[in-house]
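First, one chain by itself in structure tokens, the form predicted alone.
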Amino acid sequence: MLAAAAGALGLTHSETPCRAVRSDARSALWLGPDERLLIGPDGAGEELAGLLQRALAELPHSLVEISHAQTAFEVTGAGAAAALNTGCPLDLDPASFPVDMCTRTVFAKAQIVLWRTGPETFRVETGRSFAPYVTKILALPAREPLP
């Protein structure tokens, strides 16, 4: 089923947990044994859902549109991992959390999805209501330079 879904979106099917696969402006993040977060261009939700519904029509599946409840932003630069570690307990060293690794975790008291998209770049997804809280805490290291 996952291979059919990936193929319908023009993505490869990943065999590695907690990894993202990408093609053009589409990405699929493996967040759990039965959970993938699909990311596409703004306004493409209906198109992606249609492609998946056709590809999976004969297979049991659940497809839930969550874009209205989520917001995403990028944390980038030489201090990105250190800034994220002010509220995230994960080891974000590239050897432990390489490019295209992704997971559901916490930042302070907010649940987030964290995806390393480049050597010094992370995508953070969180609930819209938590975004001001997360960004405010992330801004603290910018005010006080890290040692």
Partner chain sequence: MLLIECPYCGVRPELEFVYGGQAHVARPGSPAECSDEQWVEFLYLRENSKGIHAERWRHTHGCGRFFNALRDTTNDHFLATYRVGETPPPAALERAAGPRP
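A quick note: this is a predicted structure, and the numbers were derived from the prediction, not measured. Residue numbers count along the first chain shown, from 1.
Keep in mind that the form predicted together with the partner chain is not shown, yet the notes after this line are about it.
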- Heavy atom within 4.5 Å of the partner chain in the predicted complex: which of Gly50, Gly118, Gly32, Pro41? Gly32
- If we test each of Ala80, Leu37, Met101, Ala55 for a heavy atom within 4.5 Å of the partner chain in the predicted complex, the one that passes is Met101
- Heavy atom to heavy atom, is Ser27 within 4.5 Å of the partner chain in the predicted complex? no
- Contact of Pro17 with the partner chain in the predicted complex (heavy atom, 4.5 Å): yes
- Hey, which residues along 63 to 93 are within 4.5 angstroms of the partner chain in the predicted complex, non-hydrogen atoms only? Pro89, Leu90
